[in-house]
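The chain that follows stands alone, in the form predicted on its own, written as structure tokens.
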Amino acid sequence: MKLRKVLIAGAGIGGLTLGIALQRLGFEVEIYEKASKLLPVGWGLALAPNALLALRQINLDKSVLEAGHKVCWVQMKTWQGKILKEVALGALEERLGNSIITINRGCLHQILLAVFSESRLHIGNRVTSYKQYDKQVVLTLENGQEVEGDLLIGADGIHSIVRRQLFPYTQLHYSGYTAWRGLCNSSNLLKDGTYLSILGHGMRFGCTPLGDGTLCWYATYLTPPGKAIVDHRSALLLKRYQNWCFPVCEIIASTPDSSIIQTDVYDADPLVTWSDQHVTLLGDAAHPMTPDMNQGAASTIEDAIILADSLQLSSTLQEGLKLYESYRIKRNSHIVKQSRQSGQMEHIKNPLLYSLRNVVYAWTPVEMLLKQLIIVSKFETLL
């Protein structure tokens, strides 16, 4: 296929990964990003083997592995400290070549920025709308500038402007819980290589080292949306988690308010198509999902590689977009639904259901959990 120019809205992980993949295949790419500065905003990401296998296609898996930190086992506890499950991830690494790794999101973003052509990245240029014609799409920016291209990809996140115009009746679905994320310098509070998940009544806490001396953590609990807390965040969380087992309060207490962010968690019901003529979607713009399966970033990276491959292999744009959707929509729709169910399960508040859930987790065979993890962590390229 001969595309003259590909336009990408959004310079996040998905937009940059796609831009790099397309440039390596010889496409002309321009990325438009609303932020006026691309600061290394950091919190922890968990990348399953499928993300690393996808990044291998653009020769970035080694850089990400070097910057990341391997998770060797997952431990699940109750809020009182009772161990429900311990899963060693050696079988995952043996089967797929990599384990789960954790990495600072800002670090991953910087790795991608260093590779994508700087001259093709236009920051401080917010996308506001687009118009489609027979042979092109015209993108309108907030400053009034119009840019012509053969294909527009909306990689502009969960509140995507491109998706809103493409599918105006789609709505985001509130998960029922808000999420707090933080970074602290107390990695000594947790055994190296551990991913710890602690479950309470309608509440949850998780943490893991990033390998650079820092420890990333999250705290989630059921609450109506829109209750943003600006001041005394650490104090609020310490009060809410005050009776929880070690090292929850120790981690929160060691994190300054400036290193804590709060985000209400949303997803959306899966779409049956992501494309129309000269426009398609990618990542959170296409399939917003909760973080309960740690597949948000990985799915976005997969999208980018498969979309680039699909365009390279197809003789027409429409053929390429159909190929892209045939490989990605079914898989991502399954992950969106699974992630939502997992979030609902881990935020059970009813005491009886809470106890039943814990029994199920404790008695589920490790082999079954690993099998499910291996299935979702596979990735196959088209080229």
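Model, not experiment: these values are computed from the prediction. Residue numbers run from 1 along the displayed sequence.
Keep in mind that the form predicted in complex with a small molecule is not shown, yet the notes after this line are about it.
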Contact residue in the model of the complex, from Leu190, Leu166, Val127, Cys184 (heavy atom within 4.5 Å of the small molecule) | Val127
Heavy atom within 4.5 Å of the small molecule in the model of the complex: which of Arg105, Arg95, His173, Arg240?
-> Arg105
Using heavy atoms and a 4.5 Å limit, would one call Ile348 a contact residue for the small molecule in the model of the complex?
-> no
May I ask you to state whether Gly10 is within 4.5 Å of the small molecule in the model of the complex, using heavy atom distances?
-> yes
Indicate whether Ala298 is a 4.5 Å heavy atom neighbour of the small molecule in the model of the complex.
-> yes
Is Asn294 close to the small molecule in the model of the complex, meaning a heavy atom pair under 4.5 Å apart or at it?
-> yes
With the partner absent here, would Val29, Ala54 and Thr381 each sit within 4.5 Å of the small molecule in the model of the complex, counting heavy atoms only?
-> no
Among 226-234, 251-259, 153-161, 80-88, which stretch sits within 4.5 Å of the small molecule in the model of the complex, heavy atoms only?
-> 153-161
